[in-house]
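Presented as structure tokens, the chain that follows is alone, the form predicted on its own.
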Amino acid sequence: MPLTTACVVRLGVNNQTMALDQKLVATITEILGPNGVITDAGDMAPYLHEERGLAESSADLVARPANTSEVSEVVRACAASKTPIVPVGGSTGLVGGTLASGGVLLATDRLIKIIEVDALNNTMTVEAGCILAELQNAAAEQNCLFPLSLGAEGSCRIGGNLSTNAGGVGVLRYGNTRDLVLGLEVVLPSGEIWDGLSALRKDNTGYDLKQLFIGAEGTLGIITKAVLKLFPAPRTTITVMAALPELEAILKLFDATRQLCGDRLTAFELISRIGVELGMAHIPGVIDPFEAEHPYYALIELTSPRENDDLRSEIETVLEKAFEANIVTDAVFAESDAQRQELWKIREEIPAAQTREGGSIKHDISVPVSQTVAFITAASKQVSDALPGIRPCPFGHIGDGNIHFNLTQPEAMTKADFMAQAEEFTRIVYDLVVEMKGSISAEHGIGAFKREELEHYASATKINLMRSIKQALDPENLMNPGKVVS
């Protein structure tokens, strides 16, 4: 059952809250010093933030280690006293992955060193608490690109991105976060440190252990450092927003763009008309770049590491043919970086605009790219049949099959009444996703909110395998309990 209203989620050992033994408080304070420990409720509040306001979190202590050795010592102390420990980064997750019910929150906000940028090897070695945007900037200073990019990049931390296998707008060309990692350093639930900080692209010495921890949401260990892949920095960028006469046109345009532009196609995003309207209504700076209204739009971006690469001619060729075939009805090019940011703002602010409009039941799903239009069409009909007046707002990464199929409350309905039906609509959407051989979580993870949904839809074999791995590494269930798998 998804969590849809504010509640206290019991996530500690055996799902019970607990108060810390004062000996443990003293031990952690001795390890970290007084500046590394927070116990005041007001000072702890930012670390207990849940992005969507769906649940309350509580902790007895926030530990703020400054290096891997301190992380290890804190985890050892918690393991010895069988105290649950919840890692927390930028608190920007959307599935309750950092919720706690007592115990220790371990914050990574002091692990902020960029250890090395090796431009020749195209790698960057960093600590887990680094802000994503700062890593992008550090790479750019060396004429490199770290391509992970998402709406929260100004506040999310790379450890959280790794732990959730974050997606973002560059997946089409560069892959998910797990595709951008060469090595990790991880503190295990016992407090042991696994040093897997390899900067090698070829290393065939047994199991690829780093993949256990990427996407595990801190349930198997705490990521403290990472070696990340870099790429040549783009020197030419073309951004265009194309207006479409109908939803069915989006895949035709995508296929034509991909066929002609190849790997220069970096992003291909779907925006629906309601997304534009909600943005204009609630977000300052969101403007409609077209004179007329259109039902759907494609936000397309091409990049090249070559200066003065004629990307515009390529996409113009695609658009000319699309106009002739009635696939596209209008298009707007970004003629400056400011205009590029204006176009991306339309896309990036859709979730915030939905929240300000009222109740929003959000679904982060994926289906095969070829099934995206069929999914949106069928899902929209099914939810509209169940509740006339409901406003589907599909948007997202059409090029990799990841659709944010969010439902906005009917105009005549209260938020409370609408959100009370969240479970019903989630079941409608997820049943269809599974029928289309898709995933109920494309890029946000499982956390606490989707754990029961995962157990409902996944095979018994998959769940048992996950539980076996969890039991092997964390037999006392102390590391971020209550997340991903029970």
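The structure presented is a predicted model; accordingly, all values stated were derived computationally and were not measured. Just count from 1 along the sequence shown to find any residue number.
Another form, the form predicted together with a small molecule, is not on view; read the next lines as being about it.
For the chain shown alone, Glu51 is a contact residue for the small molecule in the model of the complex, at least one non-hydrogen atom being within 4.5 angstroms. In the model of the complex, at least one heavy atom of Ala166 sits within 4.5 Å of a heavy atom of the small molecule. Shown alone here, Gly90 lies within 4.5 Å of the small molecule in the model of the complex, counting heavy atoms only. The small molecule in the model of the complex comes within 4.5 Å of a heavy atom belonging to Thr108. In summary, among the residues Pro189, Gly396, Gly279, Gly160, the only one with a non-hydrogen atom within 4.5 Å of the small molecule in the model of the complex is Gly160. Only one of Gly218, Pro84, Pro147, Gly275 lies close to the small molecule in the model of the complex, with a heavy atom inside 4.5 Å, and it is Gly218. Only one of 94-102, 304-312, 335-343, 366-374 lies within 4.5 Å of the small molecule in the model of the complex by heavy atoms, and it is 94-102.
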